[in-house]
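Only one chain is shown below, in structure tokens, and it's the form predicted alone.
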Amino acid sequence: MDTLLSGQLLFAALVSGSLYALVALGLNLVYGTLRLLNIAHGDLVMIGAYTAFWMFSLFAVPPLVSLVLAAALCALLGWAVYAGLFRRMLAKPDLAKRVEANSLILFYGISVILQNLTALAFSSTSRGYQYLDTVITWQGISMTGNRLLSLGVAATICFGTLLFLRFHLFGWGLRAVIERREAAQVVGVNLNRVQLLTICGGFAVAGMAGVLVSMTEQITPFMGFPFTIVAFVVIIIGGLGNIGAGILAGFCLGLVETFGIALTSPGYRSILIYGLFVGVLMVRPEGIFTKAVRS
């Protein structure tokens, strides 16, 4: 494999890896603080993608501006889900255990509702738009502007989140809840506030990921499930609730997928992803980077 091809593949791996890391970031935040497995996470990506599509198609609003609107819409949905379904139940220890055990089913129902409402509103027709699709060549490596923008924005959000968790007072409280929920409450952390803001933030991050995805992929009401699966694979590789390791795992998955497909064929994509997933569960179920990287 020559140097030019390797550079081209590396750029593609970084683009896909940054999106995987961003999608998994929101899921990891919600699981880490609330212990809820959000199977509807990919549908938030779909909502963000549709937000960007309609804003661009109807009002010529660029995706960078739509990031804010998509984040606000998904955060509002997160508030509604938390206030309407989980707040009272999570406040009671006995009910909290039941909710955590059945969260997969609850979010599956939310996923079905979101998909079918979107299909009723916009039909199941695939949609898309062109934005910054001009090819840019640098040092012999070709890239489109939208993919370069996607890489920059996704990486900025991911690493900005890590800095927030490390240096901001609320970030310290969030990390304390992830590590030891009961101990965090003892030292004065407002658990309800942390959970509310985290689910809103996790949903908002997924919406922003959807805006970035919309620039390069087709949009349908049922596009979210593959992103949910990828997000679960990433957080299993990095370690459940480990934010920094999850981001690193997203980039690693992008590398494995891109170079694996280049060395085999596109038909092996699912085998590569699920093979890595099963291998990690068998060899190191706590996550590859659990001790190496801590947020």
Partner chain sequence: MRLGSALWIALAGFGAAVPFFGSTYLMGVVFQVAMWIALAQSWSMLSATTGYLSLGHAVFYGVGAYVCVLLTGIIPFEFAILAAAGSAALFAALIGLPVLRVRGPYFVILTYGLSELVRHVVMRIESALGSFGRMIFDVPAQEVLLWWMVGLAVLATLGAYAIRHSRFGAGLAAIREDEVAAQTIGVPVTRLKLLAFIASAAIPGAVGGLALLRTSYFEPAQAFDPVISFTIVTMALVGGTDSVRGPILGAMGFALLSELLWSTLPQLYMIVLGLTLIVFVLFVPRGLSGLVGRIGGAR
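Note that the coordinates shown come from a computational prediction; the quantities given were computed from them, not determined experimentally. Heads up, when I say rigid core I mean the largest set of C-alphas that superpose within 1.5 Å between the two forms. Positions refer to the first chain, counted from 1.
One more form of this protein should be noted, the form predicted in complex with the partner chain, which is absent from this view; the next part is about it.
Student: Taking the partner chain as it sits in the predicted complex, is residue 169 in contact with it (heavy atom to heavy atom, 4.5 Å or less)?
Tutor: Result no; residue 169 lies far from the partner chain in the predicted complex.
Student: Can residue 225 be called a contact residue for the partner chain in the predicted complex at 4.5 Å between heavy atoms?
Tutor: Yes, contact at 4.5 Å.
Student: Is residue 11 a contact residue for the partner chain in the predicted complex, using a 4.5 Å heavy atom cut-off?
Tutor: No, residue 11 sits far enough from the partner chain in the predicted complex that none of its heavy atoms falls within 4.5 Å.
Student: Counting only non-hydrogen atoms and a 4.5 angstroms cut-off, does residue 190 reach the partner chain in the predicted complex?
Tutor: Residue-level check for residue 190: no, no contact with the partner chain.
Student: Which residue, 29, 245, 46, 39, has a heavy atom that falls within 4.5 Å of the partner chain in the predicted complex?
Tutor: Checked against the cut-off, the match is 39.
Student: Under a 4.5 angstroms heavy atom criterion, identify the one residue in 80, 113, 132, 72 near the partner chain in the predicted complex.
Tutor: Contact residue from the list: 113.
Student: Going by heavy atoms within 4.5 Å, which of 203 to 211, 159 to 167, 115 to 123, 173 to 181 lines up against the partner chain in the predicted complex?
Tutor: Heavy-atom contact with the partner occurs in 115 to 123.
Student: Considering only 254 to 282, what residues come within 4.5 Å of the partner chain in the predicted complex, judged by heavy atoms?
Tutor: Result: 265, 267, 268, 270, 271, 274, 275, 277, 278, 281, 282.
Student: On a rigid core superposition, would residue 101 pass a 2 Å threshold for CA movement between this form and the one not shown?
Tutor: Yes, the C-alpha position differs by at least 2 Å between this form and the one not shown.
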